[in-house]
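In structure tokens, the next block holds one chain alone, the form predicted alone.
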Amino acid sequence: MVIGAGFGGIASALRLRAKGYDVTIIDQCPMLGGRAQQFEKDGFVYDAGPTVVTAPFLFDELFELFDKNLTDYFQLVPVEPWYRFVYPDGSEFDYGGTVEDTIEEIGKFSEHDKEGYKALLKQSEAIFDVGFTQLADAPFHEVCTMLKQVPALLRLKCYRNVWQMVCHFLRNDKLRQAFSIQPLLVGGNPFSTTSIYSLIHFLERKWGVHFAMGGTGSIVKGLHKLMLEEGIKIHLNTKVTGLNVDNNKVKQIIAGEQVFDCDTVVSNVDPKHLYRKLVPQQSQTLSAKVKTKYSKLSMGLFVLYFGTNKQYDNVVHHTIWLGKRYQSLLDDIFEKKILADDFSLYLHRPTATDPSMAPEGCDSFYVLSPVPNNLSGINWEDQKEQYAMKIIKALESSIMPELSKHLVHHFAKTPDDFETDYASVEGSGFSISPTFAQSAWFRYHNKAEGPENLYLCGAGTHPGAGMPGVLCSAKVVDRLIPVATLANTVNKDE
């Protein structure tokens, strides 16, 4: 049984099916994908959640398990540039393409930082070789595993945060912002996220940044088709409300009036929710209780979706729109937990690559604004529309002239929706934060800190959030669960 059908849960279900298990997956959402839902309105198509595809080989692997090809299910295309950074003074920095392309762009801001970037990329590759290649799919539920890695982590100075590492190599403030902002894509503050996550630089460089034609929803649909072909049972609109544990094993999953018997369980649920609401307290270890009580959550997300009756050809596929403040704004979001009057934004224009995601001559957009999680006490019912209009006016006054005039519609999702729709504790966007003290062995273990037949995958577990992270968490689960025995194997044609 797999609880939760985000990418981590889907990947776990497929990997265990390939091992011969009879697999059933349950999710409370109306479609598979977890946060990767998809909305359609007035002919406009919107991805609800993740939009940046890196390390596409992790999706390829899921189809190869069954001797099938990803390209028969959906199409991934490269995006150029990967991101455009737009600064308050109107200057722009296009990031992506070849190393030479990036160095040429860097030269527009700082000749000195050309060499600094080369050194930064080399350091990122060294961290990638350890943090991703060696450890991303390695189980970390035993402390000895963590202790063996301490020398390598110290050698790579992973005790530094991302900002400190980037500042060591780059001098220009604008470039420092551009090359330190990636932790926000996995729920981390660059000023507190361990520099292990700087491996993202090399990960992007190694495989590039991609987009799925039809949106991320097309990936979900392709995986859904594969699951049905391979005999995986799917129950949607089904909310798990409890686990029956006996003799330190989960025996049944309770979903309202439905009861599912189980031999092995994989949870793709926010671990804090899992241990707070589903696993009985007496069945948890002390470490699980401590993490659930004291671990720090990621920020929340305000996601604005809107369509326009004109096309903004000057706006690239991925834009990072930076506000006037950087560190102090992040401090407001992560530490003070206040909703500031200003913001920085991630703007997604999928129609730059796939015009079919909007009616002819139109554009669809998604804007992500990092905001405090619900520990802030913000009343989003009162703030939602006002905050949305602030974002629209900010874009209108900069890169999208007359935006208000060309709006067809708009709607938004707040941390309240994350809490309700995805069982995300306090509406956090990415479960617990990726700080050093909440990474690897210190993060929620993939082998449950409780019932012996319970396993965890997803953003709150090792190795962390983001598509590569949650897909790798399923590989960890795959390594922990043995090949099925005859007792829990069925013919997929039955």
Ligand SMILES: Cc1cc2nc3c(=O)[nH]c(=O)nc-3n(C[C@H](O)[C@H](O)[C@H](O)COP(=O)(O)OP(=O)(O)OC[C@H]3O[C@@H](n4cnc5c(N)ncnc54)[C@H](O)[C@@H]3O)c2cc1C
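Numbering starts at 1 and runs along the sequence shown. Since the structure is predicted, the reported quantities are computational estimates derived from the model, not experimental observations.
This next part talks about the form predicted in complex with the ligand, which is not shown.
For the residues Val45, Leu58, Val52, Leu70, the 4.5 Å heavy atom test against the ligand in the predicted bound form is passed only by Val52. Checked against the ligand in the predicted bound form, the candidates Gly450, Pro463, Gly33, Pro434 yield a single residue with a heavy atom inside 4.5 Å, and that residue is Gly33. When contacts are judged by a 4.5 Å heavy atom cut-off, Ser198 does not count as touching the ligand in the predicted bound form. For Tyr444, no non-hydrogen atom is located within 4.5 Å of the ligand in the predicted bound form, even though that partner is not displayed.
Using a 4.5 Å cutoff between non-hydrogen atoms, Arg205 does not count as a contact of the ligand in the predicted bound form. Mapping the unseen interface onto this chain, Leu297 falls outside it, with no heavy atom inside 4.5 Å of the ligand in the predicted bound form. Stretch-level contact check against the ligand in the predicted bound form with heavy atoms at 4.5 Å: of 268-276, 283-291, 130-138, 105-113, the positive one is 268-276. In sequence order, Leu301, Val303 are the residues of 297-318 having a heavy atom within 4.5 Å of the ligand in the predicted bound form; the partner itself is omitted from this view.
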